[in-house]
Structure formats: C-alpha cells, structure tokens
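There is one chain below, alone, in structure tokens, taken in the form predicted alone.
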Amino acid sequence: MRNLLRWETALVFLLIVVALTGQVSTDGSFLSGGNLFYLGLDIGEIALIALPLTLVIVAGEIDLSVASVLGLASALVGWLWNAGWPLETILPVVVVAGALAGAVNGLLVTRLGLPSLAVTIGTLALYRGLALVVLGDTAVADFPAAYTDFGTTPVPGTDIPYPIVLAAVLALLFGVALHASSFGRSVYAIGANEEGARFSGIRVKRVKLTLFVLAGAVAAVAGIVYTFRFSSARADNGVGLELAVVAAVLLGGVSIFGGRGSLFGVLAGVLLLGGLRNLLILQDTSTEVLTIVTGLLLLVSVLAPSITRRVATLRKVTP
C-alpha cells in the first residue's frame, strides 16, 4: 500500500509538471478553458473503459476486446438507426449487446478455463469483424442534434464536456464498489491469491464473470459516446483504443499480475496520458509519434512499479 501511495504521489507530481510545461510551451493556451474542454473530450472514452478494466486487471485478468466492443456498439447504433429504430430504444439495446459480448469473454475464461489474454485477443478480432458485417465500410451520420450535442458541447456555464460528467459518476460508483464494499475486497483477494480466495468462500467464477460483463457494457456506453462525439457510426471507430486504455490503467499503478491498484491512480493515469497526448497535438506532433509515446508509457507503467518493488525489497534485506 505504501508503494502504491508513492506511485500515486509521483503521478500527481508528473501531472503538475506536464501542466506547467504545457502552459509555458503553448504560451498559456494549454490550461485555457477551450483546450481543457477538448482534452476532456479526448479522454472521455478512455476514462469510461478504464473504470471496469481496472477491476478486471486487479482480479488478475485482462480484456483486450474493449475497443472492438466499442466499435461493435457504434456499428449497431448506426445499423438500428438506419432500420428506423428510435434512439430511446437503440441505446439500451446496444448496452445489453455490449454486456453480452463481455459475458462471452467471461464464460470462456471462467467456464472453460481459458486464459483471458488469448480469449480477448480472439474476441478483439471477432467483435471487430462482426461490426464490419453489421455496418460494412459505410458511415451513418444523420443523428439528431439533441444526441450529438452530448458529445460535443460542455455543461452549461462550464468547460466540462458531458462525457466527463458521465465518467465521473461511474468513477464514483466503481470507486465505492472497489474500495468500500465486500465485492471490491473479493476482487482484490482473487487477484492476490485466487486459490486462497476460492477456499475462503469467494465465488471466484461469478465475480470474474460479473467484471467481464461490466467491461462489455461500459465499452458499449463508450461506443455510444464515441458515435455521438464524432456524429458518425462506423465499424472502425475506436481502432487501437485498447492500447491507450491499458496504458492508462497500468500507468495508474494497477499491477498487471493482479491484487494491487486503486481507481484514484487510474484516473490520474488517464489524465497524465491525455495531457501528454494533448500537449503533443498542440505541438503538431504526428499520430505515429503519439502511438510511440503511448507504447513507451505502457512499457514504463509495467517496468517502473516492478523496479520500485525490487528496490524496496533490497532496502529491507540490506543491513
């Protein structure tokens, strides 16, 4: 716990450094209301998907199909809208479809005993392929302004985009579930020692299945937000987004091996990743460089906590 607090403190320090650096290098525009609004839009879907993925990884599993579920949800929104369905019906149907996609992952992992890495790599391709089957390579863009405004306008009187408000509400719910409930304690116990958790009476398979279902449902919500933000339903929406989400979660101090991590650290990781990307965009950096930076942050997020733990262990054993 002490190492985790140190890591979170380091993240906050890095956030301050990025903010100050951005403010100086952009002549004061980095922290302007307009830029912070667009920063919030850029990290909205990442923050949403990172919330349930945090619990999945804390439990010792991984879900790499979340971006494909986002794309499938977007494709379903466009297809059902073209079919004449009202959006009031489309949205809950799409969220249920996302939950079912997550349930498929969970059942393959918990009932067949397959490794979640292999399963979700497979469903990453499967769900993206289904999205292409549903909508093809076309785009649907004639959604009502009342819905697209949700993804493109701020809360009245502020510079806060609506997706960030949604992410904040879900962060509160997931935070309570992970840090202040018996369910959250079960998640940590499973990630730390699955066999021990099973012998202590925790229904490991049910907990893991629930986490995968939540990941799928929230990824579908992110797909809806993504669709309305760009006013376009496409099968290739969110391609590659899983890399940024996993990077943010691990950068936030969640152990890739499970059993450790906090939602506060993950939110700080999302902000740090988004801030760095935004700063690079303001400097007219190419998308290739942004991808390289995201990959480097992913490596750092895996290596740094491991190195920190080893140093702490050496200090303990050294007289």
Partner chain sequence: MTTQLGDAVAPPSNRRTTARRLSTRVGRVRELGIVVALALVVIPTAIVNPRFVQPQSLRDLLLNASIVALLAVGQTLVVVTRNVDLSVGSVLGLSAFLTAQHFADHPGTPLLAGIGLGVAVGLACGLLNGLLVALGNVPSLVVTLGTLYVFRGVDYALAQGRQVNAADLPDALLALGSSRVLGIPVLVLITLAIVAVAAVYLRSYRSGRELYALGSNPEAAALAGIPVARRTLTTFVLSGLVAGLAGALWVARYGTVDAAAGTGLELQVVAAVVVGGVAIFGGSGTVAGAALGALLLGTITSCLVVLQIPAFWQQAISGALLLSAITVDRLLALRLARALRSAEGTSHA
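Residue numbers count along the first chain shown, from 1. All values derive from a computational prediction rather than experimental measurement.
Not pictured, yet referred to below: the form predicted in complex with its partner chain.
Novice: Looking at 263-271, 30-38, 283-291, 48-56, which stretch has residues with any non-hydrogen atom within 4.5 Å of its partner chain in the predicted bound form?
Specialist: Contact-bearing stretch, as computed: 283-291.
Novice: Does its partner chain, in the predicted bound form, lie within 4.5 angstroms of each residue among 73, 180 and 217, using heavy atoms as the measure?
Specialist: No: none of 73, 180 and 217 comes within 4.5 Å of its partner chain in the predicted bound form.
Novice: May I ask you to check whether residue 132 falls inside a 4.5 Å heavy atom distance of its partner chain in the predicted bound form?
Specialist: Contact check for residue 132: yes, within 4.5 Å of its partner chain in the predicted bound form.
Novice: Can you work out whether residue 298 and its partner chain are in contact in the predicted bound form, taking contact to mean some heavy atom pair no more than 4.5 Å apart?
Specialist: Heavy-atom contact with its partner chain at 4.5 Å: present for residue 298.
Novice: Given that the partner is absent here, does residue 112 sit within 4.5 Å of its partner chain in the predicted bound form, heavy atoms only?
Specialist: Residue 112: yes, in contact with its partner chain in the predicted bound form.
Novice: Applying a 4.5 Å heavy atom distance criterion, does residue 11 contact its partner chain in the predicted bound form?
Specialist: No, residue 11 is distant from the partner.
Novice: Between the options 170, 87, 204, 124, which residue brings a heavy atom to within 4.5 Å of its partner chain in the predicted bound form?
Specialist: The residue from 170, 87, 204, 124 that makes the contact is 124.
Novice: Answer with one of 93, 155, 118, 100: the residue that has a non-hydrogen atom within 4.5 Å of its partner chain in the predicted bound form.
Specialist: Contact check passes for 118.
Novice: Pick out the residues of 246-278 whose heavy atoms come within 4.5 Å of its partner chain in the predicted bound form.
Specialist: Going through 246-278 in order - heavy atoms within 4.5 Å of its partner chain in the predicted bound form - the hits are 246, 250, 256, 257.
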